[in-house]
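Alright, two takes on the same chain below, each alone as structure tokens: structure 1 and structure 2.
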Structure 1
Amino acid sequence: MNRLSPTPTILSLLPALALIPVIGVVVTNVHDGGRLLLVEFVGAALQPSLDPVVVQSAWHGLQITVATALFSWAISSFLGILLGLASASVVWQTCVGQSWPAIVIRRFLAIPRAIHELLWGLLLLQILGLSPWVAILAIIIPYTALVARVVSDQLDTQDRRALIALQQSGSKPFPVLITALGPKMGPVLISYIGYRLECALRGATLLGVFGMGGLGIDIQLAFRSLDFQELWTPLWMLAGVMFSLEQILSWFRSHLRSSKNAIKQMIITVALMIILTLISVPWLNAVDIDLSESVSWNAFPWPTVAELKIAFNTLPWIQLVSSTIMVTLLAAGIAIGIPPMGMMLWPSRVGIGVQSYIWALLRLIPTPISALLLLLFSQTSLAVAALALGAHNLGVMGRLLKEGLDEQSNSGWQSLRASGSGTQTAWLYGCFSGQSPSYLAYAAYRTDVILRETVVVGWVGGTGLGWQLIESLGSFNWAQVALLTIVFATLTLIGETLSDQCRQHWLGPSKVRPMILDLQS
């Protein structure tokens, strides 16, 4: 007897049920004073402050954020490509006949990749003090490891028949690798590195919200004073940069796709990265960020074994880990289930257009600001943390889903509509069903990203590994910081492994490309 199992289409919609308990808790904890502030916040979006002092300050912060993102992105991309080649099994097997060095390097890179850039920033702040290198290194370290993983995975999952044939013909290792694997790597790397630039811009803004320079400081100060008109001034500036960046990257990718020469594509991309790097350094100097100034190095106070034992026995590990997982699952459910549910309920062109603007707005507002906004009218809870984190990632998932649907044929939709099916049914089975397996595969990866990002909103829930990490850093309890970092990294690596298995299940081993195009947006 065959076992009944939900289809990918239904499985994509079911996570939306997570919104019910989250909204229930948030609404139950609502207090009257916050409602007026929420209305004021929304109304201020239409009347941002145009005071010259506010605009000038936001413009200065925006330049710092963009220049920091460009510099960090370029360095991490270069290093990531090099380390990706060094951690690819196919490279070592082709050159020396052994693959174990690649495995060792890949395992080593898993540690910086597992720690969110905000946590890197907070740790580096204790070591380097108030230095512009804190925000830069906080982005470079994890992004380098992420790019390296993409490069190595892409190389190791390619068809090796051409490579074997060239090896048997007696060609040397490096020309063999470039000729056999280079053409397919070009488009993937170009798309991925472009999306990594968007991530760097968001990361630089987020680090600024936590006091590490740039536009985020203006956003944080405006929010603390509850001056929402001043808050929307830098937010709209950031929106303009993000929109312009998306359009430029889209044009750049389409322009390069018209060229069939992958090596030429890579040369153009690398040359552009070098140019942007050379631009970003004097740009930082122009906004009073001197990268050549000496950095004060504070030795990290490594805890003793006795201190580690005390910290281990003091912290409520079960509660911290379980609450972190709970926030992750609830936020992932909101982010994964709401976009297809919304498009199914309102599948018209106008409906999808309105939802696209909502998704763009959710991507624009930094997660900490969303969390603080929710706290204006609701009490601290895991539901607030899950809603803030889920809302931002909902914007990412909605954009990805729309792009996937735009690229596929609408013949299924037309056939079902012609046969008399309703609009919702035709969209669900004629449009979304073809995208649901790849959507679920990406959803598995996005859940892994959300787990990393719980450190950003952990303090909103008043519990969890992220909240305890920030508390321990604030009290300089380095034994707790060390243990919490290890546990958090281990948890994210477990999540990463599970997400890889889910992607293989939904896409199949022959189609798996672990992180391609939008996967890190």
Structure 2
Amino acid sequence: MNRLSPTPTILSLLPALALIPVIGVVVTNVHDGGRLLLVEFVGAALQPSLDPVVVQSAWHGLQITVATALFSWAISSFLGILLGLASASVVWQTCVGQSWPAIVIRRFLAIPRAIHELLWGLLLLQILGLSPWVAILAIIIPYTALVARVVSDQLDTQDRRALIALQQSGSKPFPVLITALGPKMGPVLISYIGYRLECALRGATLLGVFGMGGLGIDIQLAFRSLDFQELWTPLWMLAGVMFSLEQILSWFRSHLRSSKNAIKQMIITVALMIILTLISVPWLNAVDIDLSESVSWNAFPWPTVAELKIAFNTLPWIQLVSSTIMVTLLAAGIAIGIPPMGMMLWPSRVGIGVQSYIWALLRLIPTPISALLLLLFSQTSLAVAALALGAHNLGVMGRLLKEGLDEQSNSGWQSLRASGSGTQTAWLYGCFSGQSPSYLAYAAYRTDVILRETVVVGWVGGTGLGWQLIESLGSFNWAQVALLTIVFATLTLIGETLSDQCRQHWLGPSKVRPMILDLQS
């Protein structure tokens, strides 16, 4: 029986519908009172401050940020792969014959992922005091868990026929896993890990908060006093690093593609990671960040049961949770739906070139800054928060989609065009349809990230779990912080279970397969 079911291609475009209510609300509240400030912001981009004090400070900060990012990226990638193996059903099934430990580990890993880096930093600060390790661990913990989820998803959705055949031939589990899954996993992992470096860079910017310095401090302080010229100096520097990183990674990937030996590729990647880690430690030392600096161990101010009860009774949970879910869904819709929609509407070389510059800009400008710019033109509402959050993540999704499309062959598009279909249709069914399952899988991870990032835009509407978390942290109400963290973790877990089931239901196990080959995320 052929049931009517949505295809991944259409499913990826549907979320763009979220833009309609969001734009609706923002436009009805629009006013032009912020025009002067926007002109100033754009003008400052063309004329960033070249004051030696500003440039020097940003240059120093840039080095701290890059070195921190390299160090935490290498460690979180390594640990993430290990935990990914430990939470993959296929590994447990092959080795022990049962898969439940994988599920347990996987669900457990949702907790570190659910907590925003900023909160990890503040929690670790309570125990370790101001130490460079606070910022580094705050990046490593959630990033490790995220890499682990992606790795285990990739492993579990691989074609198992080769594996079963090898197993039946009586080989030992470990060689079976390596032989059956290794060659396909190599390129996917390398590509994903490369992408994580850019994320680590952005994360390291955010964590300037913890006395470690770095570019984040310069950005944050200039932003607070709305000194846009001084804001653009560090922003352009960050843009330069992000751009060169992208070029290096794409060169590295194309270089790897030319060599067919998967094992050799892995060895080169691992060696490179070790070298980069080894460079980052003396580099940090050179910019006055001493990783061997003493750490003071402090007791964590645990809340009592009575305090927890009070916190549970005082917070308006339904309103907090519902507004957070609303912002998350709207932002995720924008982030997921717009890139394929945009590329479909304007699929020419120029069009995609222009769009990828827009995405880069959206990724570059931190969410609080885009939220403020939006707020200058529109009255405050959940929609503004969703739009700011969605826009930033749209930049990320666009990049991932384009990378995936660049890797796949162009034949589908060419044959559709040759048979007379329009550019839009040819793009949709010739290019995008091959990528859509992997794109959707990545969309699920991104939704997780967006939920976590509601912490950053909470101030816009003054509502939601994210806002409440910042408020409770500022009041040192640890009972509220504990409960809010639990709610974030629960929402992440529910989201993960739902997205797993939707994938199973809509795409079915057999249809999920292409994801492994194409996923560049």
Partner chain sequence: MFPQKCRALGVTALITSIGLVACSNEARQTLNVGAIPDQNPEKLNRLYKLLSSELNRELNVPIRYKPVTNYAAAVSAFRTGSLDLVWFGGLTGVQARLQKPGAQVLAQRDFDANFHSVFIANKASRLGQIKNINGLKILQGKRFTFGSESSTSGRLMPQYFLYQAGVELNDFAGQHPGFSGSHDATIALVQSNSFEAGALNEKVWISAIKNGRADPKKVKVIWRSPPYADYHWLAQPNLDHRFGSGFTLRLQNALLNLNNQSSSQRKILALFGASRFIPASIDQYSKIEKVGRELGKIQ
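Note that the structure is predicted; figures quoted are calculated from it, not measured. Each form is matched to the other, and the largest set of C-alpha atoms that superpose within 1.5 Å is called the rigid core. Residue numbering: sequential along structure 1, first residue numbered 1.
Colleague: Pick one: which structure is the form predicted together with its partner chain?
Modeller: Structure 2, which is the form predicted together with its partner chain, differs in this respect from structure 1.
Colleague: For Tyr143, is the C-alpha shift between structures 1 and 2 2 Å or more after core superposition?
Modeller: It does not reach a 2 Å shift.
Colleague: If I superpose the two forms on their rigid core, does the C-alpha of Pro112 end up displaced by 2 Å or more between structures 1 and 2?
Modeller: Stays below the 2 Å threshold, so no.
Colleague: With the core lined up, does the C-alpha of Gly398 move 2 Å or more between structures 1 and 2?
Modeller: For Gly398, whose C-alpha is compared between structures 1 and 2 after core superposition, the shift is 2 Å or more.
Colleague: Superpose the two forms on the rigid core, then give the C-alpha shift of Ser409 between structures 1 and 2 in Å.
Modeller: Ser409 is displaced by 8.2 Å at its C-alpha.
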